[in-house]
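This document opens with one chain alone, in structure tokens, the form predicted alone.
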């Protein structure tokens, strides 16, 4: 990581103290680390990721399993790590010292935690008057539900996303991934960059709150607008669309192989018919116009399935794209990692981790023509940069560092803790 000051990264010179856990917060600081910020990951002394997981292993002879937690290593690439016990007063004092030489501190605890630790924004201003502090409560720091806690599935539900996710006439579904977390993460990184820009102009920091429930609601605004205009609440419709037909996921040759096809206009429908050889049924009056196709989607899907199931998803995608029809093969994780298009664009980020080995990750989904991105830097091992933080960053004496280690205030290995 020593090259950070020698290369053209947009956020070179910015230091961020990361107190976050799980997905949303760590992804946001991972993005900023890839843009050149120096991110110090402050870990709890007794485990990684969610609580006390991966302290032990069922694999005989396996060493340091806590450094092999896949979810942690994915979302913490490019960061430095120090473990600090914030339940100890010495730990809180140490964190304040790190914050005093940092630009941003970010946390995603429930709203009461930072105050209980005597680490409120107002108190931290004594260490760093222009500090930018980011909080990520699930439901907000104020309001009647501010003390409630939640993970992504809860905020998906409370933000309205789960209600519109699911099959027709079926129950709501959780989206397939940590949607609220990843969506929030990119909002957070954008907000931090905006706050840094304003501080550069005004010399003043600020407190920033980004609420997972609210950013979930923000990305489905058309659902709420549609209700206000029509008076009809949105309904679940699986992979169908209100204004496009055919619009679905279709089975292809092979085991669990699928392709997505989306047709919005009558012109696209004619191009689809040409691509599939203009079968007799393509001239049926009940498919002639978009309203007709919307009224007869089940039969239409059945007809198209008869065509798709005898070809591979890639064959169908290339054939339809050649006719100007929107289509995409449904790729599994192995397919995505080996995808030639991703490889040609240098999107896949490859890292070598001392304990976890070589891994491939999604890269940054944006590029800057005059700036570099930090690629190929693995997540840190547990407390890997403790000596750097204590001796180089804070210039503590060896005797003081030894005292902190003796008290397990800043352990170099996880402290086994029984909950």
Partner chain sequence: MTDTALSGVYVLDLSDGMSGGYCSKVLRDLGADVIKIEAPRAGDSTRGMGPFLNGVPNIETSATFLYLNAGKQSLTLNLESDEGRKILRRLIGNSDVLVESFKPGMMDALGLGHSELEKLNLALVTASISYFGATGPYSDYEGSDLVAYAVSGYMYLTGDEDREPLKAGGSQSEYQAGMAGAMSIMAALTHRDFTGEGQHIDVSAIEALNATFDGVGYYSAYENRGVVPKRAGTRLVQREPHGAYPSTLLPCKDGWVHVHYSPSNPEGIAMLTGDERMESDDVLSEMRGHADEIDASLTEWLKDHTREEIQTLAQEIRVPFTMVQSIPEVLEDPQNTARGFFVDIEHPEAGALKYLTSPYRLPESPWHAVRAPLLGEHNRDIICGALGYSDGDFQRLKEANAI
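Since the structure is predicted, the reported quantities are computational estimates derived from the model, not experimental observations. Positions refer to the first chain, counted from 1.
Form predicted together with its partner chain: not shown, discussed below.
> Given that its partner chain is left out here, which of 136, 84, 104, 327 has a heavy atom within 4.5 Å of it in the predicted complex?
When its partner chain is considered in the predicted complex, the option within 4.5 Å is 327.
> Within 4.5 Å, heavy atoms only, which of 123, 310, 302, 198 is in contact with its partner chain in the predicted complex?
It is 198.
> If contact means any heavy atom within 4.5 Å, which of 272 to 280, 93 to 101, 291 to 299, 157 to 165 contacts its partner chain in the predicted complex?
Checking each option against the 4.5 Å cut-off leaves 157 to 165.
> Find out whether any non-hydrogen atom of residue 112 is located within 4.5 angstroms of its partner chain in the predicted complex, and reply yes or no.
Heavy-atom contact with its partner chain at 4.5 Å: present for residue 112.
> For residue 41, is any heavy atom within 4.5 Å of its partner chain in the predicted complex, or not?
Residue-level check for residue 41: no, no contact with its partner chain.
> Is residue 245 a contact residue for its partner chain in the predicted complex, using a 4.5 Å heavy atom cut-off?
Answer no; every heavy atom of residue 245 is more than 4.5 Å from its partner chain in the predicted complex.
> Taking 4.5 angstroms as the cut-off for heavy atoms, does residue 16 touch its partner chain in the predicted complex?
It does not: once its partner chain is placed as it appears in the predicted complex, residue 16 has no heavy atom within 4.5 Å of it.
> Can you name the residues of 199 to 226 that have a non-hydrogen atom within 4.5 angstroms of its partner chain in the predicted complex?
200, 201, 202, 204, 205, 206, 207, 208, 209, 210, 211, 213, 214, 215, 217, 218, 219, 220, 221, 222, 223, 224, 225, 226 sit within 4.5 Å of the partner.
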